[in-house]
Structures are given as structure tokens and as C-alpha cells.
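First structure 1, then structure 2: two forms of the same chain, each alone, as C-alpha cells.
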Structure 1
Amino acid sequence: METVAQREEKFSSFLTLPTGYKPFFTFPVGDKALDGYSKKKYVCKLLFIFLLGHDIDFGHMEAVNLLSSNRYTEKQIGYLFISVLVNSNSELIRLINNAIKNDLASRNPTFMGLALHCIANVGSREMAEAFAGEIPKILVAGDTMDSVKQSAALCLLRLYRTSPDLVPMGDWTSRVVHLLNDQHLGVVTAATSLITTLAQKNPEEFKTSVSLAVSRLSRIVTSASTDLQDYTYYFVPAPWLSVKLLRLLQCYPPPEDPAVRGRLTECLETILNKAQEPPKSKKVQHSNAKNAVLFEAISLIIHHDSEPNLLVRACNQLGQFLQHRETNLRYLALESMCTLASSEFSHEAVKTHIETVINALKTERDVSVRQRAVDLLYAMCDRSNAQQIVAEMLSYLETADYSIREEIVLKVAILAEKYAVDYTWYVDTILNLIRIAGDYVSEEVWYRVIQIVINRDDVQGYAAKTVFEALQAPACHENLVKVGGYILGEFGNLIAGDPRSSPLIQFNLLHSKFHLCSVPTRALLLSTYIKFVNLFPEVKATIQDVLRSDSQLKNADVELQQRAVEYLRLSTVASTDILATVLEEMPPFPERESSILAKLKKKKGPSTVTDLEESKRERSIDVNGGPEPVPASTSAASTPSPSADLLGLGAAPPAPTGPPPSSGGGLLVDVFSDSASAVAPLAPGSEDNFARFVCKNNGVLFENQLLQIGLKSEFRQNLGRMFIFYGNKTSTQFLNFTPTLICADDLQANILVYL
């Protein structure tokens, strides 16, 4: 007997005949028309060829012709062909839509079913335009057969998904909600799917479905296994419908009506109880169906986040699953627990399972399960277990899959920073990160560690010492050299007293790595050398020799060459005072949102839920949204009193929620004059903003890290009015804020300015 492979071999060679296969498929026109059966046969064969992966460029017309046949099977093949080979030929689309319309209007339920299936499968915009009005009517008409109702509901759903604007809400929405009470569970299933999607965009319209859904769900859950007959799946009553109802309920907050709420809680408790009972069947299908309902119920409990009792029970149930034999269940339990960890009621309960999760991280063979375990550790991390979790994640990192390393690095960096009580631990962690997975440590991470070290006096000495020791390792990563170079340049003096880390030793250590590094690192090291010249006069000569060497002064890279030349000159020409001023220690960086978080969010996509976002979110002030002040209050801007009420927005307390009164950064903004003004020139960024005001009256005029200035102007005939809003972007209060508005002389003649 021929095997499948042999058959296909024959067929493929047939397809690649020099004349192609077209001659074998003649569709005669005119009087020698093919009869329905043959047409159907050929269309079917064409479809088969297409599904094997070859392109079909003829036969569409014949398929469309089949649609108008009265024979069911011919129609069926015609519709199948069309749904698979969607054509954007407008002529054909018109014909297709016509055929569909005829079928929908015929009272024959099988034909209607076929037509609805086709619309649902293709779901193109043209079809939506043609039929979006018809289908709701079919759906709610009393005399429609159940099977047609089902198809109509899902068809409408498909059209709504592709062209939501073409499906307007109407009277039919309340009738659709009532379908939830229908006798036929198939209709209920289809209706629930439809309502779930519609309710997400129009929650008000479908609010009444909540109580109906709850009563339906409780009836199902409490039914005996013989009640639902064919809708019972391996002893689980209507699992698909239950899952759908639970999904529908997740579109709404917990029900306000206490009766409904009580019923729902009872329902969820029953589902949780059933999970503890011994299984009615050994088959995996039974447990899968039962657990599917259970997991969806847990999702609902998490979504509502209002019943501590249920949350804790859910958490315990998941905890049991964490150690289940089946990998699938362990995977899902880890995933669900991630969402559970962010709820305040259950956060503590989740933490009790930390040992199990860590164990999973170490022993799971499936990499996707390990990944979930990492996600869960990240979600459950807080001050009490941060050190343990970070340590575990670091040890996992050593053996982790390359594709996930960058993400783990970012997570460890974020956790270490957020929960560091003792910043020496933070420094250690980051250096470990670089040691283990240096390639995946992105720029943001090591910028951040330097920012933190510079901002915190207490950890500078420790950082210098640790970095020095780390650099002594025979093979250290380039990122470590960057960090080490920078830190020793700033704080090398703190460890210079120890003879093991004397200036000369520090310099030699760094220089030994010099030739192994890439250009940006070398540039950084050159900066470090000149800082050493300032810090340690005793090594000045040595460093100058290095700078003077040809490999620096005549280096192929322009940046390196420039730095070498300039630094050399600086070291010879400048006196010690000047040198000290130029190469003074870096001032602390201003606090701003961690760019690491932004990078992690970008990597994971917008669906990641982290409560870290809330705490790190910058309290930036939307100045332009402020209420419109009376013009006289702009004069308040020029009074130097610290408690001056800017813009008349009510008593502005020192809290940074509203634009606070004063600042030390008096910025002079001259709106109308060109650069001829004698005042400080406009900062570079504002040139772009300035041009914007040619066509706009409102907008942001200037922005830097400390201050944001917005402008709002209105003009009527020959009168104009401008409001200038100053926004404080730091978290400290501005003091003695004095804005001054200057109008250039030549303009003074043309404009009368009242302040």
C-alpha cells in the first residue's frame, strides 16, 4: 500500500509538469458548461492544491457560481473555497455578498448557517458593511433556529472585532443579554462570548448580564452530573460555558447587589471546594476541564480583589498545584501566583511559598516553567526576602538560557536598587551581575550603579575597594573595567592609603586592561587617568608618559587622540588649583525615574504588571492642564515672596502636587525678540519649541530637568493675552523663584506690554 509520502511525491511531480496543471482543469464556458457535481469536484481539487501551499490564480469565478446552486454540497464547497482563498477583487466580492444575502434571506436554516459561517470566516470590511445591520436582527428574532442563533452570535462577534465602528449598539443589546437565559446551552455559550467582547467596550449597555451570568453559573456548578446530559464533559458540567461566564464576570467589578454578590461568592467557594474532592475519573481530560474552571475562578477572585478569605484559599490551592505531578499545572500555578502576588490581601500568603518556588527554579527541566518561576520571584519580592531572592536569581543567572539573560539582569538590577537597605549589598550585587553575565548588562544598569555610588557618600569607599578587588581577577568583563575605571577615577583616593591599593598599583591595574578594551572604554580610562593626575601627583609623570606615547597621540580614533592630546596639555599647563577645580568630584545626580524600568517595560511589552511602577513614577506636573487664571494674577509671578500664589491656584502647599511657589533657577525667556536680546540666550531645546508657536497658541515653551515652562496665549483683534506657567519638575521646593519678562526695545515701540 502506498504511504502518504509516496502519494504526495506523485502529486507534487504532477503539479510541476512543464505545462502546469491548468490543462487538466478546463472550465468550459458557454453551452458546454460543467454540471454542478464536476464543478464542485474541480473546485475542491483546487482547494486541496492551495492548502498544500501552491498558489491558485484561477477558479474563483467558478467557486462563486457554486454559491448560487441549490444543492447544499455545492454551496458548501463554494463557501469553503471563498473562506480560504479570500480575494480582494471587487467584482467577485459584490457577487459573493449577493449570494450571501440571498442565503440569509432564505428561510432555510442550513443555508443561513453556511452564509453566516462564511461571513464569520472571512469577516472583511465589505461584508461588515453589507451585513452588520442584518445579523443582530437574525440573532434576536424569535423564530430563528437555535443553531442559526449560535452562528449569528459568533458571526457578529467576528464582525465587531474587525470593524467595531460598523456594529452600532441598539435595541438588540438587551435581547442579546436575555439569550443568557436560553434553554439551549449552545446558544448561551455563543451569546456569552459575544457579550464578553461587547461589554469590554460598552460596559453600561451590558450591565444587566452580570446577575444573569451569576445565576446561570451557580446553576451549572451545583448541578448533578446527569442534569446537563450531553453538555457534561467527562463528569464536569459544561466546562466551556463555565469558563466563559467567569470571563464575562471579569469585565465588571464585584456586583453591588448583596444578593448577587452572595450567590457569586457561594459559587466560587463551591468551585474551590470541588477541587479538594477526590476526582471522579482518572482521565486527564476530567482533571483538565475541572482545573480549567478552577483557574478561571481564581482569575476572577484575583480580579475582584475584595474577599480576603477567597484570596487566601485561592493562594493555598495554587500552592498545592506548585508541587503537582503534572507540569502543565505547575506552569499555570506559577503564572497565576504572579498576579496574586500584587494583591495586598494575598501578598503575604504568596510569600510563604518562596521555598517551593526557589526549588522549582533549581529543579524544573522545562525552561518555560523556570521562566515563570523567575517572574514569580520578581513579583513576590519585598524588603523581607529581597536578599534571598536576588541571591537565588543570581545563581540561576549563571546557568540561564541566553535568550532570557537580559531580562533577568534588568530584574535583578531593579530589585537590588529598590530593596537595598545597605547599599554595599547593592554594589556587590551589580558587580556580581557584571561578572556573571557581563554581555547582557546594558548601559542603563551600570550608569545607574555609578549614579547611586556618586549620590551616596557612605558607599563610595566600599565601592572603590570592591571594584579594585574585582579588577584583579584575571579575566574581567569590559563593563567591569568601565565601572571600575569611573569609580577609581572619582574615589580612588579613598583607598590610596592602603599600600596594596596605592595610586601606582591602581593605575597599573587599569592600564593593564587598557589594550583589551574597546574604544569607548579606552576613552573612559583616559578620563580616569587625568583624574588620577589630579588626585595623585606622584603618578603624574607616569601618566604623562603614557599619554605622550605615540599609540595615544597618533591614535587612529579621533576621540582617543583628542583626549590624549588635551589631557596631556592640561596636565602640563594647568596649576594644581585649576586642575583640582576642573577635575573636581562629580556632583550628585538629580533623582529621576530609573531608565532601567523603562527598558524592562519596553522589553516585556505593556502587559507587565509591576507595582514598582507606581512608586517610581515621577511626579511630573501637567502644567498646561491648570485652570485658566485671571490675567491679573500673572503679576503674582514677579513678586519674589516665597509663598506667592502662582497663577492663583489656591494656597500652594509645599507638596509637589501643584506648581510650587519659588525656585532658584531663574530663567529668562524672551518670547518675541530674536537673539538680539542681551539676556541669556534661549537654551538649545527651546528653539524647536519656539518655532511651534508660529501656528499654535498653547504648548510647552521650554523644558529641562528642573523646570517646565508652558505658554498659553489668546488673541482677539489687536489685543493679546499670554499666560506663562512654571512647573517644578524636581521633588524639592523652589525657593525665591523670580521670573522676569523682558521686552526688547525695538519691539517696545510696536507692542504695549502690560505685566
Structure 2
Amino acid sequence: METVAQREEKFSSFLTLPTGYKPFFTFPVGDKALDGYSKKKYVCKLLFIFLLGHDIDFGHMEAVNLLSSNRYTEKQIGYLFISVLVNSNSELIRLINNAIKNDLASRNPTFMGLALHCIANVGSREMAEAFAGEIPKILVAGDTMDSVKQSAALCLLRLYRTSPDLVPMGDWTSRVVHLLNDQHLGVVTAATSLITTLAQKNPEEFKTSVSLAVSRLSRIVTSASTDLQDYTYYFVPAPWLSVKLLRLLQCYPPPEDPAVRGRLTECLETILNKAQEPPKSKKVQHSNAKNAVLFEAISLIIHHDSEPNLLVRACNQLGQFLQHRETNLRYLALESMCTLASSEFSHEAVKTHIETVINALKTERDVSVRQRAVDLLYAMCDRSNAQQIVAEMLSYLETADYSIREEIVLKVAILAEKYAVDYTWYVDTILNLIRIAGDYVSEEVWYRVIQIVINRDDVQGYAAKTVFEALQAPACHENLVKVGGYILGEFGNLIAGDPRSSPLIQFNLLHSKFHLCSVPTRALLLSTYIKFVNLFPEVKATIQDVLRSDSQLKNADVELQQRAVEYLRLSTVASTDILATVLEEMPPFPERESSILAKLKKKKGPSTVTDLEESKRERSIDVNGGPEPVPASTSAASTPSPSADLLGLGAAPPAPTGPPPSSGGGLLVDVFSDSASAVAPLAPGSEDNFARFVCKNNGVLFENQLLQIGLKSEFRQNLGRMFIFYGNKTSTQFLNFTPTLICADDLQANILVYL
């Protein structure tokens, strides 16, 4: 008995022999008719030659002729040849379609199965146009065999994925849902895959599948492994079907029927309970199947986000996996806990595992797992643990993989800003960040720290002192020189009273870094020098000598040369008053979305970052006193001084201003009024906020010095969920604060309101 390898070697040797010595590959010539067996044999040889890598440009018609045979083996080879070698542009496609139609109409389950497999394998648009209307009828027909139903469901799924516009929704959609109650689990498995894909695009058409899926899942979960012997995989009953049913349920919100909802909760609790039981087998296949069902159940719990008990139990179960010896389980546990951290019900439970996550960050060998640990630390961070998490991330940053350093830098910068109770800590953190990973600190990071320092009077002196001390190090990163140059140019006068940081010492310290920096940084330092001329007249002559030097006036770089010439002329001809006007201190920056967060969204994907940020905003809307209000002086906030361009940081576009709200009316008065029946009119200027929600799901609806009203919305298919949150921006606690929602009568039945 020759082996396959020997046979392939024999066939390959035949290809190298002269024509007269190739009896195996000799095809008949002339008008001699071939019987079915001979056609099958020669077509099979052609197929094998093609699989060896040789082009085949004949024999296609013989393969099509095999489709009309009544023998299974001949028809099988014909369909196999067509599935592999015939493309959708072939001239024979019409003949093939006719043969397939004949087999589908034959009601022979074997022939129907072969035809359906061929349609699915080819999956062309021509196939969809020809059979998309016929296959659903076969699927829901009462006399169709179970094996054919399976093939029909998967074939229809294939056509829907390739040409969804050609698969019509009709009466069959309501009937295909009832296949979830079929006695044959193979049919149920195939139908579940089909319904899940269809429900993602047409949720209303398949809404009735929820109760049937819960019923079927309940029967599987509560059954013993011996009850489903044909579909039990290493003591786990029907794991693939269980996973598919759980994914189908994730297409819909929690069931409204209390009975169905209670039954689903029991199923999920049973799955969590089984995860705690001792394994029935030591084989890896058993644990893989068991964990596949468990993680899909946890995904459904997270999706519903409505059962606090289940969310906490899921968090505790994932916490056990954090120390599992299997790397894949640790990865999946960290990834799932990132999503759990965004839920208000399970956030505190996730925080209890902070030490385990920090340990994983330090000791884990797999970089992908370490990256998930960073993501989880970022997700679980709040005001209570921000300093600990930021310190650990900074510590890890020194040895972190180069591929994730930039992401860690962005996250540290965001957390330090968001949860900075004391902004001196924020300044220290950012400067430490630049020291550790200066090459990965983008412009957005040091732009942001400058904006915050300029907007907060209480931290300006500390920032000037801190950067002055940091610049005294023998080796400073260029980003630190940029931050130091900008802050000392604006607020160097706040530390000039100390002899150790006199104006001349500040200038000499910055100028000692000048020749080591790139052209953009040198340009910024020149702007700092002219700022010094205004702040410290005693160093004016020294700075003019630097600007007058040949290295500046005759610099090869046009930008540096122009700045040196203009600044020298300005310092020479301008009076003290003109200098003070032109080089006045930067006004506060208008509040806007953090550019660091925007960069992180671009790097990680908008949906992931947005969900985490909005969930954090819901848990603590008044972090650090809420967003910084726009300064009362509209001239300072909306009219940047000429020095904005000098330092290379263009001020943000002026915020749109409206007429000032009247003191007697407006939204805030109605919010605090005792009358709950009156519909509050919009405050003047608030209409502009509504334009944000054309392209965004989240944002601030109304804001003044006392109150912030924000809106968060999320949509999945035809379902939506909207949150309105209120932030107290004062230091006084609100008393008797009660929100009231008033909506039209025709919306009452379609909206569920939770206060």
C-alpha cells in the first residue's frame, strides 16, 4: 500500500517523463465517448494537477457535465472542480446555475447539500442573484432534512455577507427564528449564526429571537454532560452553540419581560457558578471550552450593564484569572476588566485588584499583556488612586517597551491633568515624564502643561521655580528646554527676587542650552529673550549683544535670522510702554477638548477611549472643580496678544460669545425653581451648544459659573441610551435638587426614564 507522499512523488515523476511514458495522465482523443467514471477520473486528475501549481485551461465543460450525473461520486467531483477552478466571470456560470437549480429542486438531500456547498464556496454576486430568493424557502420548508437545513442556513449566511442587498427580508424571517427551537442542535447552531448576522442589520425583524435564545440557552446550561452526548465537548455541553446564543443576545438590550430576564439571569449565574467548580478533566480542551462560554457570558453581562450583582461576580471571576498560569487567560481577563471598569456598578470592584494589576505590569513577560495592564490601570483610575497609578506608570515607563511608550506618556499626561487636586503635583509629574521619556513626549503634552500653567495663577510661581531647577541638570531633554523657555519667559519675574535665580542667571541658563537645540526650539528661546527684555530691563544690553551677534543676524535659517533682526529692532526703537504692550503676559487660553485626549483617541480608536472617558466623567463630573470656566474678561480670552505668535503657540480660536444671560430668567433659574411643570426655556447662547451634537454623542449642554449640565448618548442599531448629568461648580452643596424630564405624549411609551 503506497503512501500519499509516494503517490505524489510518482505523479511528479510522470510530469517529467516523455509523453509516451505518461499513461496515468493520458487523455482520450478523437470522438470516443467517455463514460461517467472516466470523466470523473480525468477531471480529478486535472484538479490534482491544478493543486500542484500548474495552470488548467481545459476540462471545465467535462466538469459541468458531471453535475448532471445521478451518481454521488461523479457529482461530488464536478462540484469540487467548479468550486476550485471556476470563477464568477466564467462563460459556464449559466450552465452551472441551471445544474444547481435542478439539484435544489430534486429534493434529494445529498444532491441538495452538494449544490448548497458549491453556492457557498463560490459565493459570487451572480450566485446570490440566482439563489438568494430560493434558499430561504428551502431553509424554512417543513419537509427539508436537518442536514440540508444546516447547509441552507450557512449558505444563506455566506450570500448575505457577500451581497446583503440581494438577500430579501420577507415572511421567512419570522419562521427562521423558530429554528432556535429545533430538536437538532446542528440546525440550531447554523441558524443562530445566521440570525446573529441578520439581527445586527435588522434588529426589529428578529426581536422575537431573544426569548427563544434564552430558552435554548437555559436548557443547555442546566443539562448534564450526558444529556447532549453528541454535542458534548470534553464534558462541556454544546459550547459552540452556547457561545453563539450569548453573542446573539448581545445584539439586544436586557429583555423587558421579567420572566425572560429572570431566566437569563439564572443562566448567567449558573455559568459563573460552574466556573468555580473543579474541572472535570485535566485536558486543555475542557478548560478552553469552559472558558469560552464563561468569557462570552461575561461579555453579555457587561453589554447589559444592568445587574450589579452579576457585574461584581464577573469582576471577581476575572480577578482570579489575573494570576492564572495561562497567558491567554490573563490577557482576556485584563481586557474584559477594562470594560468592566467603565461601569458604575463594578468600578469599585475592579479597583480592589489594583495591586495584582500593578504586579502584572512589573513581572509579566508578554508585552501584549503588559499593555492590557496599562489600559486597565488607566480605566480604573479615579481621584482616590490617581497618584498611585501615575507613579507606577512612570516607574514602568523607564523600562517599558518602545512600542507602547508614547501611549503610556499620553495616558499619564491625561490622568495627571484630570485628577490633579494639587497642580504642583501635575507640574512635577509632567516634568518627570519629560525626564524619563522625553523622546516620546509629543507637542500636545507640553503645549497642554503650558496652557494649564497660564490658566492657573496659583501654580505659575511653582512652575517657574521647578523648571528653573530642572534646567540646571547637565543634560536636559529638548522638550524640557521648550517648557522652561516658555514658562520662564512668562513668569520668570516671579522667582527673580531670589539671588539664586536672578534675571541674568535665568538668561545664562537658557542660553547655555541654545546651541544644543533644534531650529524650532532656538526660535522659541529667542522669543523668550525678547520677553526678558520687557521683564528684566537690567539684562537688556546682554540680550541685545546676543541678538546682534553674527550667529543670529547672519544665521543660515531664515526664521532665526528674521526673529533676531526684528527682536533687536524692537528692543532698540520701542519705548518701555510699547514693549510692555507688545510683550504683555499671555492671556488665559479658552477651554476646549484636551489635545492629548484627541491624540490618544486617534492612536487607540475613538470608540474605546470615548467610552472610558465618558464613564469617568459620569462617575465624577466635578473632578477638580469641573472644567475651567472661560475667563470673565472677554477681551483677555478672545483677543490674543501679539506675543502669542512670538512664542510659537497660537492661541485657540475665540469661543463664540452670545449676549449675557439675564439675571431674572434663563435655564438655571428654572432648574432651581419649585415649579416642575413649566418647561424651562433655553438660556441665551445655549443654542450654540446643540450644534455639537450633530457630530458628537457627548458634550456639555449648558454651563455657567454655578452649574454644568452634560449629555452622553450611545446607540446600537435601533436602540439608544441617553444620560443627563449635573455638575456642581460651587463649593456649596446643592439642597433639594431634583431633575424633572418632560416629553411629548407620543414618546412616553417608547422611553424608559430612570431618575
Partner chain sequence: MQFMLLFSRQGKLRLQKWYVPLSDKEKKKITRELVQTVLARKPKMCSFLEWRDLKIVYKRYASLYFCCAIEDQDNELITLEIIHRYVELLDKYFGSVCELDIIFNFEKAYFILDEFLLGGEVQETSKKNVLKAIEQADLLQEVSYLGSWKEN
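This is a predicted model, so every value here is computed, not measured. All residue numbers here refer to structure 1's sequence, counted from 1. Superpose the two forms; the largest set of C-alphas matching within 1.5 Å is the rigid core.
Chemist: Assuming the other structure does not fit, state which one is the form predicted together with the partner chain.
Modeler: Comparing the pair, one sees that structure 1 is the form predicted together with the partner chain and the remaining one is not.
Chemist: Superpose on the rigid core, then tell me if the C-alpha of residue 461 is displaced by 2 angstroms or more between structures 1 and 2.
Modeler: Residue 461 C-alpha, core-superposed: shift of less than 2 Å.
Chemist: Core-aligned, is the CA shift for residue 280 between structures 1 and 2 2 angstroms or more?
Modeler: False for residue 280: its C-alpha shift is below 2 Å.
Chemist: Cα of residue 97 displaced 2 Å or more between structures 1 and 2, core superposed?
Modeler: Shift of 2 Å or more: yes.
Chemist: With the two forms matched on the core, what distance in Å separates the two CA positions of residue 79 between structures 1 and 2?
Modeler: Here residue 79 registers a C-alpha shift of 5.1 Å.
Chemist: With both forms fitted on the core, how large is the C-alpha shift of residue 113 between structures 1 and 2 in Å?
Modeler: The alpha-carbon displacement, core-superposed, is 3.1 Å.
Chemist: Would you mind giving the Cα movement of residue 55 between structures 1 and 2 in Å, after fitting on the rigid core?
Modeler: Between its two positions, the C-alpha of residue 55 lies 8.3 Å apart after core fitting.
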